[in-house]
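Given next, in structure tokens, is a single chain: the form predicted on its own.
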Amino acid sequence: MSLSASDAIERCTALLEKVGVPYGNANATARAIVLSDVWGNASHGVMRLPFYLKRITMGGVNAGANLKTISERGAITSLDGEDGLGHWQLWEAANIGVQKAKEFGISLVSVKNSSHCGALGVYLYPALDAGQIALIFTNGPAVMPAVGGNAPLLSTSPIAAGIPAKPPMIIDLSTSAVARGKIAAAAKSGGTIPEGWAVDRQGKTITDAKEALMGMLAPLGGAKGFALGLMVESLSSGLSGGALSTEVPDMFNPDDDSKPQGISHTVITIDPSDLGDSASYADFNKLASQIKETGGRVPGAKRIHPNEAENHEITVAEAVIKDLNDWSNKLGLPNFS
């Protein structure tokens, strides 16, 4: 089903407000969710909203959470998310990172006791719009084993990086063989997944999407993917003092709906204006040009800027529309149509 992004943002905001999220935080969350759909990344889009609504109503997410400053020293800020929604919290952390980087040249902002935040690439734009570089790390429920291991230790351990070239170079990837949201999207429609995406505890391949959602995800590139995931875990939960992935409740497990996730996010922001000749961004632009000149695609070049998302349409699966309408009826709001 096709929806205007502006209408989807408005309706998602209204649903979040109805379950107690203040308007500003609800709107920031809705924009991050819908932007993922605008980018064609449905696995992190409005498909996730029913899960968030359920977790809020069951107590696993604190609708009225604030971002509390734990400590602040120079370029470093440590925040406590009070079990709130990760989307608006990471967006705010990214903006704090930009202001700190303008003052100190570099900054690090960590958030602990937060929740799932969707597509990490969304939160690169405050830095990109300021002409800065951003690196973002987050953790989640353990789904990825060590190579040769028989139990999940790490989350999908996504990494995002934004380089302010023309066009911006945006790196946004999981260190598992595939983002778990893609498996969730396949499970929603009762589909299958390719071999190599997920394995059981005996190391056998799982192709049934619903079974894979509760299985283990293979590391991207074997030992190298696990090593990168270990770095992400260390720079998110390890650095912030938040929950390790093995301690994070699973948003896809209904039995965990009442349990706060305790997810951690870290944003490192760099202002290149005082570093050599980087202020001109000539080398960044040259890198992007070389990719295009050699027939390649600049990562993220086709991504719609968050400020332009409302001018586009999104496509939402009928099964997701049904879930959203069920919530709309339950909360006394108009249906998605």
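Numbers follow the displayed sequence, beginning with 1. Note that this is a predicted model, so its numbers are computed, not measured.
Form predicted in complex with another copy of the chain: not shown, discussed below.
Another copy of the chain is not shown here, and in the predicted bound form it never comes within 4.5 Å of any heavy atom of Pro306. Though the partner is left out of this view, Glu82 does not reach within 4.5 Å of another copy of the chain in the predicted bound form, counting heavy atoms only. At the 4.5 Å threshold, heavy atoms of Ser234 reach another copy of the chain in the predicted bound form. Although the partner is absent here, Pro254 lies well away from another copy of the chain in the predicted bound form, with no heavy atom inside 4.5 Å. In summary, among the residues Ala186, Ile96, Val199, Leu220, the only one with a non-hydrogen atom within 4.5 Å of another copy of the chain in the predicted bound form is Leu220. The contact residue chosen from Gly242, Gly86, Gly140, Gly121 relative to another copy of the chain in the predicted bound form is Gly242, the criterion being a non-hydrogen atom within 4.5 angstroms. In summary, the region of this chain contacting another copy of the chain in the predicted bound form, judged by heavy atoms within 4.5 Å and restricted to 86 to 94, 204 to 212, 158 to 166, 122 to 130, corresponds to 158 to 166. Residues from 49 to 80 that approach another copy of the chain in the predicted bound form with a non-hydrogen atom closer than or equal to 4.5 Å are Ile70, Ser71, Arg73, Gly74, Ala75, Ile76, Ser78, in the order they occur in the chain.
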